[in-house]
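Next comes just one chain, in C-alpha cells: the form predicted on its own.
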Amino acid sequence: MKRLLAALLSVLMFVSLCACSGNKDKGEEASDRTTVSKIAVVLPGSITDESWNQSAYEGLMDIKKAGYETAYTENVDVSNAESVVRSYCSEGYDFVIAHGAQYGQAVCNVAPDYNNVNFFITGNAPEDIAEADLPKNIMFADYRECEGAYVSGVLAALMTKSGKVGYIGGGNNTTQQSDKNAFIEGVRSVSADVEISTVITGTFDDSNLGYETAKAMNEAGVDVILQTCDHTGLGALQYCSEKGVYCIGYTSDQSSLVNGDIMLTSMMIDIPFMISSQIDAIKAGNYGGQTFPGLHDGVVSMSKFSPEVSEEVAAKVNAVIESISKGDLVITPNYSEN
C-alpha cells in the first residue's frame, strides 16, 4: 500500500510539473508576442529608389536608432520571399516586415510555423484566403494608395492640354492594379473625353524601362504622367524632366528629382510612421488582422502643388481630398487587371 501511495504521489507530482511547465510555455509565448527586439525588412527593390523601398529603409533606420537590432534584404523576388522570411525567423528576429502585397502568400505560409514572431505586410491580404483563415500573428496594412491615385487622376485630367494622360506602374500586384484603376476612375470623374494610357511594367527596378515607357507615352501625345514604380519610376521622371512633361510623384515628395515646376504633386505614403506604429500595437498585445490607412488619417497625403497648378484647379482637387478624407467619397480598391 505504501509503495502504491508513493507511486501515485509521484504520478501526481509529474502531472503537476507538466501542467506548470505547459502554463509557463504558453505564458512565455504570449510574452514573446508582445516583445520586440530584432526587426527585419524584406524589400522588393533598392533602398536608393527615392520611393517605396527607401522610405521603408529610412523607417527601419529610425527604429535602429531607438535601440533595436535590425536587418534588411533588398530586391527580393516573390519566388525567394518565403525562404528569406524563414531565414530571419530562424535567426531569432521577432518582427518581420514584408514590404509589399506580393509577399502576402509567402508570409502566410511561414507565419503558422513561428507563433512567437509577428509579421507585417504593407499591402492587402491574399484574396484567396478567407479572413478567418489568416494567421493571427500577421497584420496586413491595406494602404489606400488608391485614394491618392484617384486624386492624381483628377489633377491629371484638369491639367492636361493634349487631352491625354498616362499611368506607369511597377510589379504586377494588387496595389499597382488598384492604383491604376483608381487613377482611371479619377480621370473619368472629370471628363469622359480624356484618353488614358496605362502600363504595368512588371518591375520596380528598371529605370531604363521606365524612361522608355514615359517616352512612348509622351510621343503618343500624353502630357501628364503618374508613376508608382519606385526605381523604374525614376527613369520615367528622368524623361519627364528632360522633356518638360508634367508628372506626379510617388511615396515621397519627388519634386526635387525633376527640373522646374513640372512635378504637379506627389502622392505620399508615411511608411516610416506605419512601421514604427506597429511596435506599439505589438506591445499592447492586440496585434494581427487588417488595417486600412489612407487620406483620413494622414498616412496617405498629397504634397504641395506646383506653381503650375492654378488656384482654381487646386481648389477643385482639395475639395476631392476633403471629400475622401471625410468619407463622403469612398474609393474602393479595384484589383482587376482589366
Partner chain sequence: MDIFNLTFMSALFASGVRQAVPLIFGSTGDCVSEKSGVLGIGIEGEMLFGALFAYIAALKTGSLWAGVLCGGLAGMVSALIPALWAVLLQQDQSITCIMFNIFAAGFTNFINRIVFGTNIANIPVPTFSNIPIPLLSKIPFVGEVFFNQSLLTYLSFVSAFVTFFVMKKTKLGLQLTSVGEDPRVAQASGINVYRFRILCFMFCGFMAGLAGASLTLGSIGTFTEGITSGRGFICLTIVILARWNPLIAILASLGFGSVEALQIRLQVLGSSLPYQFLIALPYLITVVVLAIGGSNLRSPKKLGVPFDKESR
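Residue numbers count along the first chain shown, from 1. As the structure is a prediction and not an experimental result, all values here were calculated from the model.
The form predicted together with its partner chain exists for this protein as well; it is not shown, and the discussion that follows is about that form.
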Given that its partner chain is not shown alongside this chain, does residue 57 nevertheless sit within 4.5 Å of it in the predicted bound form, heavy atom to heavy atom? yes
Counting only non-hydrogen atoms and a 4.5 angstroms cut-off, does residue 46 reach its partner chain in the predicted bound form? yes
Give a yes/no on whether residue 50 approaches its partner chain to within 4.5 Å in the predicted bound form, heavy atoms considered. yes
In the predicted bound form, does residue 220 come within 4.5 Å of its partner chain, counting heavy atoms only? yes
Heavy atoms within 4.5 Å of its partner chain in the predicted bound form: which of the stretches 233-241, 149-157, 133-141, 107-115 has them? 233-241
Among the candidate residues 206, 82, 94, 185, which is the single one with a non-hydrogen atom no more than 4.5 Å from its partner chain in the predicted bound form? 206
Could you tell me which one of 78, 129, 71, 216 places a heavy atom within 4.5 Å of its partner chain in the predicted bound form? 216
Among 255, 301 and 305, does every residue place a heavy atom within 4.5 Å of its partner chain in the predicted bound form? no
For the stretch 174-189, return the residues whose heavy atoms include at least one within 4.5 Å of its partner chain in the predicted bound form, in the order they occur. 177
